[in-house]
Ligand code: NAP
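Given next, in structure tokens, is a single chain: the form predicted on its own.
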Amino acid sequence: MKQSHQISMKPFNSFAVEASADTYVEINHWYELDELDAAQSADAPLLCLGEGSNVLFVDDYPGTVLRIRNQGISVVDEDDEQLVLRVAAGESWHQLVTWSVNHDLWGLENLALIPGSVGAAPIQNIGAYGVELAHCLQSVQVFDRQQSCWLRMSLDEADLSYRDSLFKRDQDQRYLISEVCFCLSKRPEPVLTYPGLIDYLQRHSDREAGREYSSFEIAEAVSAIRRSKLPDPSQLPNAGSFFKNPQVRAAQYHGLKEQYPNIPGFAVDSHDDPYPSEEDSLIKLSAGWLIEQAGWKGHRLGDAGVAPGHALVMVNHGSASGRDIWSLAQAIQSDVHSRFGVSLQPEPRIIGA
């Protein structure tokens, strides 16, 4: 177990903002979590960090930042139709997607090129192009710091929802994820509900007429689309989409539609009420559309800004602090709410706000 004190977090967050942690711990094997537990009390401040691609440090962290760097992908069960993978939390998410499509497996291809580690994926219930992690997640192994024991949580116990989970709401970091199990299909199960993805495949594929797209081709298409839309964090520091797409009742959406005929909206399932009335059904709005209509796309306050090519992406143009970026984000939240009556919630975890 590697341990250091008063360490800069700038290399460990994709916004590249300066912040320090009282203690930095890096472990390379899951069993070292027992060592960490022995060295630190359960109520001591702890932040588990993956690749730092979904976090904004607004201030220094007055506790221990933990990075779980264990590696490994193994098959634990298999039949003619599906395969169960056990994947270490420290593995790169995109490398896992690449591994799966190279083995002709289905389930992760629409989630290609999402930055971060495998252990961070269930926390956010990552999703893109019509697919969420919950679609193929089977279980999560965690270390319970409160009870000092290992648990394996099912999909239901992990309580995944739109960009949310039991782990994201776990502000005390009671549960530390050491590995994740996925159930992937051996049979083609393409999810091609997004027009932009279909259009890209049709324009760039040289496949023979009648042949289905492979999971590899879909992953390549998703990666190409993401590269064309989102700035590379190594060139322009960012954390991808900064705000969740808000969900509103249909009645509110219809009112907005009267004022803004071009406002996009997509019906979503309601887990709380499986049979809602038409006016009580949920509609997902585009946060990027709302921000762009409010005039924030490409806006800049010092080195904190909104990406010129994508209104949903907050960026660091050079020396912005986490507080600079968060102040700009709050200004956007306030303006969008005053214009549309819609509240925007951040996707990244805000540390020290």
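Small disclaimer: the values here were computed from a predicted structure and weren't measured. Position 1 is the first residue in the sequence shown; the rest follow in order.
Keep in mind that the form predicted together with this ligand is not shown, yet the notes after this line are about it.
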Taking the partner as it appears in the predicted complex, which of 296-304, 22-30, 315-323, 283-291 has residues with heavy atoms within 4.5 Å of this ligand? 283-291
Within 4.5 Å, heavy atoms only, which of 200, 129, 99, 143 is in contact with this ligand in the predicted complex? 129
Just one of 213, 175, 253, 194 has a heavy atom within 4.5 angstroms of this ligand in the predicted complex, so which one? 194
Please state whether all three residues 12, 94 and 122 have a non-hydrogen atom within 4.5 angstroms of this ligand in the predicted complex. no
Residue 230 versus this ligand, in the predicted complex: is there a non-hydrogen atom within 4.5 Å? yes
This ligand contact at residue 237 in the predicted complex, heavy atom, 4.5 Å: no
Is residue 310 close to this ligand in the predicted complex, meaning a heavy atom pair under 4.5 Å apart or at it? yes
How about residue 150: is it within 4.5 Å of this ligand in the predicted complex, going by heavy atoms? no
Any residue of 236-265 that, in the predicted complex, places a heavy atom within 4.5 Å of this ligand: 240, 241, 245
